[in-house]
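Okay, so here's just one chain, in structure tokens, the form predicted alone.
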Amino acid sequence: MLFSSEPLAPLVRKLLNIHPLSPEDRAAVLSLPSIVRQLEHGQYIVREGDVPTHSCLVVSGFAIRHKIMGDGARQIVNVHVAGDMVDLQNSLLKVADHNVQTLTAMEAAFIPRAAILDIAFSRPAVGKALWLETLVEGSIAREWIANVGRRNSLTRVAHLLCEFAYRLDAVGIGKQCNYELPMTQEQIADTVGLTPVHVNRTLKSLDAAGLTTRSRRSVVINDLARLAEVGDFRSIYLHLPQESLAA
């Protein structure tokens, strides 16, 4: 299986959306040492309690970050797309406090922790961009807590569909009103804190209201403004470049 010729290019694009980088900074990121691997669907990248020696960049595909409860229940706390460093915090925290698992088949680049720390401190613009990336991730986490804790089922699912519309559009792997959602109803349920049956009914309600049209993993949003209203969705927490925002 062929690997990407520039596996760290998605990271450069992601960081440029967050903070300006000079040509020298970009070249330094692209030249970071990395091991590129093709991972299968459902494969663990990090398990809770691990002491990772590398941080993982999603080159292509999707990954999930999740916690497993004492009774075996799972709560998905983030979904990662191309350009995301799925465990950047482990560069400093060392011991993983959650699990990272592939959601689809995925190409990943594993960068040594020492190399990330070195570039972050030796190149301030890169360090600031990486710092901002972790802050945006925290912003998304806060929104997901609010979504699960205070919104009703219809609003939770509508909010999630809106978020995917913006995030996938921003990295060029989908359009705001037409994209692939690589999640089963069980996985959506583990994300929004509902049962799969409840998620099924909610998705059907959104379709029946004319807000969405779904076919297998394909999602077509017929009216993004209305879906955002139903989902209590405001994109500010994603901190996307202004030119990528539709509203």
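It should be emphasised that the depicted structure is a prediction, and the values quoted were computed from it without experimental measurement. The numbering used is simple: start at 1 and walk along the sequence shown.
The protein also exists as the form predicted in complex with another copy of the chain; that form is not presented, and the subsequent description refers to it.
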Please determine whether Lys175 contacts another copy of the chain in the model of the complex, using a 4.5 Å cut-off between heavy atoms.
no
How about Arg65 - does it come within 4.5 Å of another copy of the chain in the model of the complex, if we only consider non-hydrogen atoms?
yes
Is there any non-hydrogen atom of Leu161 lying within 4.5 Å of another copy of the chain in the model of the complex?
no
Exercise: Lys128 in contact with another copy of the chain in the model of the complex, heavy atom 4.5 Å
yes
Taking 4.5 angstroms as the heavy atom distance cut-off, pick the stretch from 193-201, 37-45, 56-64, 213-221 that is near another copy of the chain in the model of the complex.
193-201
Scan Leu154, Leu88, Ala170, Leu103 and let me know which has any heavy atom within 4.5 Å of another copy of the chain in the model of the complex.
Leu88
Restricting to 137-176, the residues within 4.5 Å of another copy of the chain in the model of the complex through any heavy atom are Ser139, Ala141, Arg142, Glu143, Trp144, Ile145, Ala146, Val148, Gly149, Arg150, Arg151
Since the Cα separation of Arg47 and Ser91 moves by 3 Å or more in the model of the complex, tell me which way: closer or farther than here.
closer
